[in-house]
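A single chain, nothing else alongside it, follows as structure tokens in the form predicted alone.
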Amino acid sequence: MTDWDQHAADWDERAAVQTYAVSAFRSLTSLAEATDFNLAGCSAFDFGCGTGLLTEHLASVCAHIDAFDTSPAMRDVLSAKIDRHQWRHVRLLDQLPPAPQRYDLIVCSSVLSFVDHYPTMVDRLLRHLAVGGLFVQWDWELDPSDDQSHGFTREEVRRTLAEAGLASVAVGVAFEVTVDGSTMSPLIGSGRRPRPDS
């Protein structure tokens, strides 16, 4: 059992986690409006979906969603939601999709700072992003002066997304959320897969 498996049963009951998911989706809709990206009817890949708190919001607008997480217990919680809501357009994966599969939108909520090698994972994910598609990640901002800090610097996100070939890369504060009495401001990093003629 992984650490994330141990948190699955009561994960959705945490107020901060619920607030984070709502705020992340709001920041996504704002980004989509600002960049003229049409969320309605798009195909999406939710990488590191956990119990599906963000997936739930995506399900209200996306035509198709594939959701992936490495934690079996987290996937079980989302699987129950899929059955309960009878979401025919949401598919739960236990491995990354096959190479030909492409999505209009790829989202990664608080997961990329936990992968073994951030740039390599971004490269792998972008193989599945359609031309003109939108890639979005949310992660905590790293404070290099704090040994306990976890996440990425803004420059690290900007450089990684640009070097992976994304265009219109932007990095900034997504929203504010209170965790254990402290107000934190996660980053949002985004970019578009350029069209051949751009």
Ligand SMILES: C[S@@+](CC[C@H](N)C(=O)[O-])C[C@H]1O[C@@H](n2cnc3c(N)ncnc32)[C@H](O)[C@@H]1O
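Everything numeric in this text was worked out from a predicted model, so none of it was measured. Residue indices: 1-based, along the sequence shown.
Only in words, not in the display: the form predicted in complex with this ligand, which the text now covers.
The closest heavy atom approach of F68 to this ligand in the model of the complex falls within 4.5 Å. In the model of the complex, this ligand stays beyond 4.5 Å of every heavy atom belonging to F135.
Using a 4.5 Å cutoff between non-hydrogen atoms, F47 counts as a contact of this ligand in the model of the complex. Looking at F25, you'd find every heavy atom of it more than 4.5 angstroms from this ligand in the model of the complex. For the three residues W87, V90 and L105, a heavy atom within 4.5 Å of this ligand turns up in the model of the complex in no case. Contacts of stretch 81-109 with this ligand in the model of the complex, defined by any heavy atom lying within 4.5 Å, are made by S109 alone.
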